[in-house]
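One chain follows as structure tokens, the form predicted on its own.
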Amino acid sequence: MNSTIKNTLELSVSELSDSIKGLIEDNFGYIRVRGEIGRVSTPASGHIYFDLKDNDAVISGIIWKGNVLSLDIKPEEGLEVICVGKVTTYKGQSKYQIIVDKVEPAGVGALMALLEKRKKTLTSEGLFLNDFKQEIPFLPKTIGVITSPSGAVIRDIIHRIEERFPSRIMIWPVRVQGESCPEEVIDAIEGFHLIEQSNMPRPDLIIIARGGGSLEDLWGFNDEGVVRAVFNSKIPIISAIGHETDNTLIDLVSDLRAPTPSAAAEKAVPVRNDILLKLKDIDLRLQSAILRNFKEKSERNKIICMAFPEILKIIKYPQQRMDNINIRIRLSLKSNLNHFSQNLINISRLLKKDRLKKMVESKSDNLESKFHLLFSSFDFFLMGLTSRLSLSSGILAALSHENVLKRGFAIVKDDSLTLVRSSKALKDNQNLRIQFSEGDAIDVSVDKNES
């Protein structure tokens, strides 16, 4: 046995890896593998790496960038799929993997389960609430349509809009199924919001439409990114995906859902002829209402006019009163004028020259007499004041301290020249100043004990 081992061909690690790689690839051509998508990784390279697993095993899967755009279903975690591809090895980590060229859902049930899970998540976020839905404009000037540029859908929409109320239609072509569908629809919604930067009018309304198909065909309109783009749109959106029985998440989040693309066009614009007929009916009703109101006002005015007397009868009595007042005013003015004229004549008679001279002389004599009387009264008053002043001066002189000193009295003051009124106020050896009538002063010192 040892000799057998010694005779075995020696291989390098790379040679062994290449041998295993060749063995696996030669024995496994294209295969179909069913499993549940696990971890998904989408690096900047554009490749997609994911795990495909069942209850007991896991195998790595790779989708090269060149095959990503051709996929009908994008790998999502939790989705049960059937992967078509080729098994190979990766000698850098000594692992085997499957290079996936195509991903198919493992039956409608798998897609439905994923759809319900996604619907539940978005519902919990409130994206489907009516509170966030916008009002569809009654008569949009510009309508943006996101759909495939070929096929019956766009023709039906254009035909129905032109038939009902011709409006400006802007078409943003997109793929309506396949791996690139969600991204193109998102770009179209965002593009219509930015179209004003290209000096083109921004649509007042957007229609997203496609024809009927299977759940797999419509899967792009269940994409979470598309749902959020519709929710965030500032332009109202009408969804028309598939037939009436087809339901997608975009139908729940859009501002209005139409069962078919043709129905979406009908909901987008009213019928022009119906509007014209309605306007004509409103015009006729308005004219009728104005005429009826005019007749009613005329009849009412006639009744009011009949209830009032003639204008001449109304103003006859006030006019007569005005005439009477006018006569009385004229008579009163004439009487007052005569009275003031007579007074003026009487005054003019009193203002004769001789009479005025006598009045001035009389007033002058009276004034001179009163002046002499006033002068005499002032002299008498002045003499009285002089007599009282002489009497007061005599009394003041009699009471003066100088006269008292002449009678033999003296004034005693202390050092501070304060009057000494009693011997009780004296202190031992206190200096005193004695003043006599002739103005002489003597300074003495008094011993209180001796006194």
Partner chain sequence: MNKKVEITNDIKKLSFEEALSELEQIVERLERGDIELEDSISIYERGVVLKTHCESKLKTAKMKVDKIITQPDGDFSTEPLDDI
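Residue numbers count along the first chain shown, from 1. The model shown is predicted, which means the values in this text are computed figures rather than measured ones.
Not pictured, yet referred to below: the form predicted in complex with the partner chain.
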> With a 4.5 Å heavy atom cut-off, would you call residue 227 a contact of the partner chain in the model of the complex?
Replying inline: no
>> Taking the partner chain as it sits in the model of the complex, is residue 192 in contact with it (heavy atom to heavy atom, 4.5 Å or less)?
In response: yes
>> Can you work out whether residue 116 and the partner chain are in contact in the model of the complex, taking contact to mean some heavy atom pair no more than 4.5 Å apart?
In response: no
> Using 4.5 Å between non-hydrogen atoms, is residue 258 touching the partner chain in the model of the complex?
Replying inline: no
> Where does the partner chain sit in the model of the complex: which of 147 to 155, 91 to 99, 336 to 344, 78 to 86, heavy atoms within 4.5 Å?
Replying inline: 147 to 155
> Ok, 328, 285, 357, 243: which has a heavy atom sitting within 4.5 Å of the partner chain in the model of the complex?
Replying inline: 285
> So which of 275, 315, 106, 129 gets a non-hydrogen atom within 4.5 Å of the partner chain in the model of the complex?
Replying inline: 275
> If we check the partner chain in the model of the complex, which of the residues in 223 to 250 reach within 4.5 angstroms of it by a non-hydrogen atom?
Replying inline: none
